[in-house]
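In structure tokens, the next block holds one chain alone, the form predicted on its own.
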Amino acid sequence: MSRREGSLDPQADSSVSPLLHLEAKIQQTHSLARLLTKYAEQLLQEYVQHQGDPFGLPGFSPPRPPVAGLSAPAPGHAGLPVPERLRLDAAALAVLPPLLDVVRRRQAELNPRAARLLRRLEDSARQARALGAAVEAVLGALGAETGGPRPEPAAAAAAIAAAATGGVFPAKVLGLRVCSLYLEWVSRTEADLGQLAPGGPA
């Protein structure tokens, strides 16, 4: 029956199909971002648990060292057009995997028995790549350009790797910062995709 209806109005069918495809892609990517936000929260908790004192102590406010090639979402991020926000999300997600890999390698030296933490770091790098690719696909489906100047992931990873060798405490702080930025950007991506998801704000 649906085939007959489709043949009666092929123009309507051809215009609706891409729209449904776009909505499905947005919904799927939004669901992935929501899931990864939960995983990123778990990663951050697990990371803190394995760093020892003063990490995790009430009142401890760790330094927030700069991370080469990656900053937190800007205060005005939410006021930008959605495609521009998604471009920033995709750029951050492209830089995060090699940074998470550096953190994992340093934690393998500092906490070699923390198998679950090391696995979470490895998974997070892979998941950031997957979410970044999905956001790029949404941008493409929206007809938005995905280009523009971006930090070089390899250069950012090299810079953080050099910084991570500057002592145990600075390495732990830097790893915490990367895990925190990962959570911030995945959560930001979830919120930005929520603006486009069916049922989300217009």
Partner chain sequence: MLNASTLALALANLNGSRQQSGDNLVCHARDGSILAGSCLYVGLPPEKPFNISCWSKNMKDLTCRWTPGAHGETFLHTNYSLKYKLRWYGQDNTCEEYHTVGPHSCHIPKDLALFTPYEIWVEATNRLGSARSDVLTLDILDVVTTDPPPDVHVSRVGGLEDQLSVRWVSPPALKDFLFQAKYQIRYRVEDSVDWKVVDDVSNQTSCRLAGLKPGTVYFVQVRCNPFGIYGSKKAGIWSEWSHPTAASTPRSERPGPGGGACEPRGSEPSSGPVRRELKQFLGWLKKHAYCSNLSFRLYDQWRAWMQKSHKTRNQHRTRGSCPRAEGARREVLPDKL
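It should be emphasised that the depicted structure is a prediction, and the values quoted were computed from it without experimental measurement. Positions refer to the first chain, counted from 1.
Separately, the form predicted together with its partner chain exists; it is not shown, and the next lines address it.
A.B. asks: Check Gln51, Pro63 and Arg113: does every one of them have a heavy atom within 4.5 Å of its partner chain in the model of the complex?
C.D. replies: Checked in the model of the complex: all three residues contact its partner chain.
A.B. asks: Looking at heavy atoms inside 4.5 Å, which stretch does its partner chain contact in the model of the complex, given the options 131 to 139, 65 to 73, 43 to 51, 25 to 33?
C.D. replies: Every other range fails; the passing one is 43 to 51.
A.B. asks: Against its partner chain in the model of the complex, would Tyr39 count as a contact residue? Criterion: heavy atoms within 4.5 Å.
C.D. replies: Tyr39 lies outside the contact set for its partner chain.
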